[in-house]
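Shown next as structure tokens: one chain only, the form predicted on its own.
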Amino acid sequence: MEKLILRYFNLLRTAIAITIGVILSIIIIYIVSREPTFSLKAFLLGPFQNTTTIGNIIETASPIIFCGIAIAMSFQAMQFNIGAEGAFFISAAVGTAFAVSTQMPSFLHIVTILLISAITGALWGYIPGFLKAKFMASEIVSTLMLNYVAYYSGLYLINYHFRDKKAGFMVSHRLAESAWLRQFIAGTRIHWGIILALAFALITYYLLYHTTLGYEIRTTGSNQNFARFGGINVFKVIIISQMLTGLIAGFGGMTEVMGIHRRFTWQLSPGYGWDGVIVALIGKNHPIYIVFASLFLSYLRVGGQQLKLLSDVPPELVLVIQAIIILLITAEAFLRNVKNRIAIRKAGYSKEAGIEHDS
């Protein structure tokens, strides 16, 4: 039993954290709401009330999955890249500029646009990767600062060169239909981007756990000195991991434009890169777990929207409830002592069994 608990301890700890978070949320809702039962139903069951809200969960999860697995690529190499937000934004802006400037057959147009966006993201990720590998510059600082560069550069590109002046607000020209990712479930905005996100999760999982490059990334993350003594080119691994982060985030940014908005509409940073950090932490940097973490975070967001629309719970409280649940899940020390006691007890039993066997 102890062996089984230790093996699935992180999953068990996450389930307990979610349960505690939900209980605290229930308490808060009962304190502040005049109709707590209705508000609670809106929060917990509202996301599943019809096809549209279920579709909202899935379509909201799509860019979060991209950013989550993008962040995980760097985190696996112990490179604390928080620049997925910038790569997501600038790649979508560059991809939009290319999309509205060209005309091609649909399949070729879509592939080319996504390739341009992915390359833009990879080049954006190269900058902090090179700075870290060559000059030991903090990737946290460089990626954070580059987020602002990406944001204002993207806005300049769209607003001054590709803005639709007839739209009445600050958006790009509309993408041609040949550049759309089709929505394929009636009553929702679920598009082919979610399929691509799941494909990227599987590809990333295979790359990390079944290829030489993935082994080098994970070994570098575990111990850089050991990796160097083992013949791994740490300089190369740092740069590649950062470029892969930018590539995946950039690809995801353009799928959101092509599948949902069909034009560049962001005048504020959409925040998916920061969501990616959250789900990467919840999913322990494992691409498959990140998919489920993204769906869970998306469920909380849609539940929060239902709570704001249908109940008397203040909208600010929705963010508090979400934060409580996420903080409990990501708290590394939560239940750590329990795990240690189980491990010690298991080790003691194993030792006693060995002594009896010898005697």
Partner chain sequence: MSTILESIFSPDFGFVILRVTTPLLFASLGVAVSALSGTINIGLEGIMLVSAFTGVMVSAFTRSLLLALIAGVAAGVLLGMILAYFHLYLKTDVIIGAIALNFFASGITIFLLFLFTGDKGTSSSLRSLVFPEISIPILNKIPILGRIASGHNVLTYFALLSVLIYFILIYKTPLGLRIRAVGQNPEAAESVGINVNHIKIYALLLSGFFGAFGGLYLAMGYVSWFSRDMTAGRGFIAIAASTLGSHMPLRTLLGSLLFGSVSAFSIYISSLEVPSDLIQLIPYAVTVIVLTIYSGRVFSGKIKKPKELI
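Numbering follows the first chain given and starts at 1. Between two forms, the rigid core is the largest collection of C-alphas that superpose within 1.5 Å. Just so it is clear, the structure is predicted and the values come from calculations on it, not from any experiment.
Below, we turn to the form predicted in complex with its partner chain, even though it does not appear here.
Residues within 4.5 angstroms of its partner chain in the predicted complex, judged by any non-hydrogen atom, belong to 136-144 and to none of the other stretches in 285-293, 251-259, 95-103, 136-144. Across the proposed site, 159, 281 and 313 without exception bring a heavy atom within 4.5 Å of its partner chain in the predicted complex. Within this chain, residue 274 lines the site of its partner chain in the predicted complex, having a heavy atom no more than 4.5 Å away. Interface membership of residue 155, defined by any non-hydrogen atom within 4.5 Å of its partner chain in the predicted complex, is confirmed. Its partner chain is not shown here, and in the predicted complex it never comes within 4.5 Å of any heavy atom of residue 41. Of the heavy atoms in residue 330, some are within 4.5 Å of its partner chain in the predicted complex.
Superposition on the rigid core between this form and the one not shown places the CA atom of residue 317 2 Å or more away from its counterpart.
If you compare C-alpha positions, residue 281 and residue 322 are 3 angstroms or more closer together in the predicted complex than in the form on display.
Between residue 326 and residue 39, the Cα spacing is larger in the predicted complex than in the shown form, differing by no less than 3 Å.
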